[in-house]
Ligand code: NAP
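Form predicted alone, single chain, as structure tokens, below.
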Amino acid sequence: MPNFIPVEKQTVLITGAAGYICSWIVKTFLDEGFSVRATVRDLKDFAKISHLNELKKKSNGHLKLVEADLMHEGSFDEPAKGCEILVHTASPFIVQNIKDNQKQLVIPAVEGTKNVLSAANKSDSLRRVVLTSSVAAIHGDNCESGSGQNGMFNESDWNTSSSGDYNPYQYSKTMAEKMAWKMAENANWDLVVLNPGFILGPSLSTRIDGASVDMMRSLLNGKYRLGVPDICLAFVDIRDVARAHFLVAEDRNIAGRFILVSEVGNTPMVAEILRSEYGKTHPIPKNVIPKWLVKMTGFIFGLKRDYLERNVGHSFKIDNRKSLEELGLTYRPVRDTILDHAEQLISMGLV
């Protein structure tokens, strides 16, 4: 029998609650009746937290928003008191036009994780930590192969090719996860890590500053009307990611890392799906930009030639069986995810 803790006795602390991913995690725990203590950077930033207040009104659980900052040591100590579960999601997601790799990505990811888990160490009640990592901590470039059968990536693989200078986002996720596993070695709490792919799906807010939302808007609003590069991504629905966080938090027998991926596809596939539904009303790209042209123009988006060489036109394989078998997840079809996301953006007037 799974080692479940009664919901009515649980308080979960969730970091980065206003973000695209975390808002759905907050909603999922609230819908299950949990008492949720959710951190935001600024309680006075009503534009970023208004959707959380709406969730608060409609939920079965109890939501309390508290201020905390990843870069302030001790900022999470008080919020962690009395919590049985900690879900740490807050981390910067920037892949283009990065001016300072260390300041914008690596330091916030690693030091933020250290500060949050230090608060976990000071909590007498906390027993389970769930870290939102990424498949970026599993592998760096699409041209690489995993250690599994037929070159598939699995939970035993680690990104060894990224660095502070090359693929700094992937490096930041790798270093943050390694920091978490190190801190878990002698802790009173146990750690489960989720490694989702590229997350798509409807947002709970009208914010447009996230990478996933930006990609969808760019495909719908004509920014890429001349074509898209052939870049392979491991897709997963945001609602499935949120569900996975609840499942691993609830069952104390679940352990280790879990790749969360529905399907591996590419950007032309996303455009084709969108075009089948919205091609008559939106300037969705029809063409695939040749690799040589992508390499010539990539600097416009802050992308280096070596990154483009190792990723454009390369596919990869990734093994999601552990999430299917041990978590019992049933992934939404990628087509449904893409169209649900597009419909939300269009209905809210965000494209």
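Because the structure is predicted, anything quoted here is derived from the model rather than measured. Position 1 is the first residue in the sequence shown; the rest follow in order.
Not pictured, yet referred to below: the form predicted in complex with the named molecule.
S.K.: Among N142, V264 and L324, does every residue place a heavy atom within 4.5 Å of the named molecule in the model of the complex?
M.R.: No, because N142, V264 and L324 lack any heavy atom that approaches the named molecule to within 4.5 Å in the model of the complex.
S.K.: Sort through A244, I85, L117, I199 and report the residue having a heavy atom within 4.5 Å of the named molecule in the model of the complex.
M.R.: Exactly one residue meets the criterion: I199.
S.K.: Heavy atom within 4.5 Å of the named molecule in the model of the complex: which of L55, V294, I284, L70 fits that? Just give me the one.
M.R.: Looking at the other structure, the residue within range turns out to be L70.
S.K.: Would S134 count as touching the named molecule in the model of the complex under a 4.5 Å heavy atom rule?
M.R.: It does: once the named molecule is placed as it appears in the model of the complex, S134 has a heavy atom within 4.5 Å of it.
S.K.: Might Y169 be said to contact the named molecule in the model of the complex, defining contact as any heavy atom within 4.5 Å?
M.R.: Y169: yes, in contact with the named molecule in the model of the complex.
S.K.: Can any non-hydrogen atom of Y331 be found within 4.5 angstroms of the named molecule in the model of the complex?
M.R.: No, Y331 stays farther than 4.5 Å from the named molecule in the model of the complex.
S.K.: Can A342 be called a contact residue for the named molecule in the model of the complex at 4.5 Å between heavy atoms?
M.R.: Result no; A342 lies far from the named molecule in the model of the complex.
S.K.: In the model of the complex, which of 217-225, 250-258, 179-187, 199-207 comes within 4.5 Å of the named molecule (heavy atoms)?
M.R.: Every other range fails; the passing one is 199-207.
S.K.: Are there residues in 172-192 with a heavy atom within 4.5 Å of the named molecule in the model of the complex, and which are they, in order?
M.R.: Residue within 4.5 Å: K173, and no other.
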